[in-house]
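Listed next as structure tokens is one chain, alone, in the form predicted on its own.
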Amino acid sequence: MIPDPNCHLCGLCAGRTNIVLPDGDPSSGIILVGEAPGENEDLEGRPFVGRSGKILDGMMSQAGFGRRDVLITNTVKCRPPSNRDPTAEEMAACRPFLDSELEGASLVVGLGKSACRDLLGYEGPMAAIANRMTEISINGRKIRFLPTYHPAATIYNKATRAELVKTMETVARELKK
């Protein structure tokens, strides 16, 4: 299920250039979920193509895989103004699209606080849950969920960078199963 090109389910439609749809292999079973498109993503219509995307691509490559091997998406499909976090209402508006993307997954990786809040309902510090496997329910089906840091959080923090590297190593192992 993909959004209508003229989607107006929430106010994010007012400022978008493009709806940002998932990128990668939908049959891989492994889905990386970020929070929302940024400026570069809005311009290109693809998730994680800006600075955070370059970090993510580099870490995936270091772990031995690339975006063609997984599916990459966001909790919302349109860019929030000034790159603010998406609101609960905006995430709820896009949730049916996200759920349809996650339905057949064997592993979902939540990249950052917003994605973990939306998918796991978690409001606390990322340090308490990063790289601790848990489960989420998507349309009544339990799916393994691995919360981790957003690539942007790794720019100035070596500890978060090390945790995201561990996450990508876990994804690489999963791809080999």
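All residue numbers refer to positions in the sequence shown, first residue = 1. Computed from a prediction, not measured in an experiment: that's the story for all the values here.
The same protein also exists as the form predicted together with ligand URA; that form is not shown, yet it is the one meant from here on.
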So, P37 and ligand URA: in the model of the complex, are they within 4.5 Å at any heavy atom pair? yes
I'd like to know whether P47 contacts ligand URA in the model of the complex, with contact meaning heavy atoms within 4.5 angstroms. yes
Distance check, D118 to ligand URA in the model of the complex, heavy atom within 4.5 Å: no
4.5 Å heavy atom contact, T148 and ligand URA in the model of the complex: no
What stretch, of 134 to 142, 119 to 127, 57 to 65, 29 to 37, brings heavy atoms to within 4.5 Å of ligand URA in the model of the complex? 29 to 37
Taking heavy atoms and a 4.5 Å limit, what residues of 64 to 87 are near ligand URA in the model of the complex? N74
